[in-house]
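Just the one chain here, the form predicted on its own, laid out as structure tokens.
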């Protein structure tokens, strides 16, 4: 499917003629080729094409927005009228705005066409490898796809930015079974610009399959104690997403963010440096254009423990008076530490190697509580028993402050590069 620039331009003009003081159109088209695996067999290849058009209109500081999947002239004309109507009945807010224009720019990353033969071979090889090396593994869901996404961002302030991204995305959900016993399910993924590398060598898949096989026979933890937690890269990436959510528009606008006044202050141990690198050549799933329609830049969110930026969008920055972030976050790259994982484990007297965490959103103060899954007990510097579901609670802000070490090893997921992290003082509760 081709990117129809004339459609975006004519829609923009229609919005202005219909009464929009400021107007914006974002056109996206995606071509996807997808393999799936069911019951251990590669049984589906489908190719899909779809497009979407997001219309935004601002009139008298009132904003209306609508996403459209039907791109024929009649549907677009109706959408123009509807989005103007939505703006007229919305509440006026001086923070509503669109990005300022600049030089027209176009960006490209990744391949334009899939290598279907290589994709099939990678899946076939993975299934054979799993039978030999992880015989207890059962894949509940596996998807390997190639997507080519084209985007065009136009607005009445002369913003004209286009981007094409192509890449391979692999995801798997699996568990292990032996007789009547089974491990808790786990999942992982990987993103790349080619299909050359064997999938079990990508990301954390091989390690997670091995650990999941060990977790068929778990033991319940008795009692409750305050101990250490080593976050695996998979689990740490999710926690970092929770940390950065406190820096985004919602919590910052309401004033409930625990980091609302922390720019330039230490919020973590000096060993932690967290980047958001959407332009990194190391990552295959970056982006060049933000959701607001500005050219993205790399940033450092936490520099040796010090918070350097919030992640405010255009609206959040105008609403709070803060600085708009140079990107939309994500694309995490955490600097490695100087402690090998084996030594990190050896430094734990009693704690948990946390493979997966299932819990609700933390409170405004950063308190969290949930269940440790796919995890192991650490005692006297050694990984001992696989744990049955165990409660884990703590406070995110204090957890960052009590980081003891960060591993020298990192896992490359294609969309993030993450080490292991050793934190102290969390509450671990068993039966």
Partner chain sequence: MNISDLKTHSHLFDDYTELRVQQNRNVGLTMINGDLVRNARSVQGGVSARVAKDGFWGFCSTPEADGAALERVVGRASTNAKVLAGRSSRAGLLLPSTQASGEYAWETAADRRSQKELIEFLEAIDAHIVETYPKLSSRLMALSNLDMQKTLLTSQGAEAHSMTPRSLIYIQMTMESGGEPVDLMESYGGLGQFEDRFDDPSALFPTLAKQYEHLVAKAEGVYADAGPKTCILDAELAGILAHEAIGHTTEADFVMGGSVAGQFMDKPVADPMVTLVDFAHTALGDTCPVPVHIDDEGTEALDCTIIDQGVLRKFMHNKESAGHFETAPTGNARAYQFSDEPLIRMRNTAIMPGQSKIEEMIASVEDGYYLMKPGNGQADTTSEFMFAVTLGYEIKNGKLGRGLRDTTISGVAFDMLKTVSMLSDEMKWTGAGMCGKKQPIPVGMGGPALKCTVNLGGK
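Bear in mind the structure is a predicted one, so any value in this text is a computation, not a measurement. Positions refer to the first chain, counted from 1.
Not pictured, yet referred to below: the form predicted in complex with the partner chain.
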Interface check vs the partner chain in the predicted complex: of 143, 77, 326, 127, the one with a heavy atom inside 4.5 Å is 143
Taking the partner chain in the predicted complex as the reference, which of 256, 343, 157, 308 has a non-hydrogen atom within 4.5 Å? 256
Does the partner chain come within 4.5 Å of any heavy atom of residue 117 in the predicted complex? yes
How about residue 339 - does it come within 4.5 Å of the partner chain in the predicted complex, if we only consider non-hydrogen atoms? no
Heavy atom of residue 370 within 4.5 Å of the partner chain in the predicted complex: yes
Taking any heavy atom pair closer than or equal to 4.5 Å as contact, tell me whether residue 184 reaches the partner chain in the predicted complex. yes
Among 344-352, 119-127, 104-112, 261-269, mark the stretch whose residues have heavy atoms within 4.5 Å of the partner chain in the predicted complex. 119-127
Report whether all of 401, 405 and 424 sit within 4.5 Å of the partner chain in the predicted complex, measuring from non-hydrogen atoms. no
Could you run down 390-429 and flag each residue that has a heavy atom within 4.5 Å of the partner chain in the predicted complex? 391, 393, 398, 427, 429
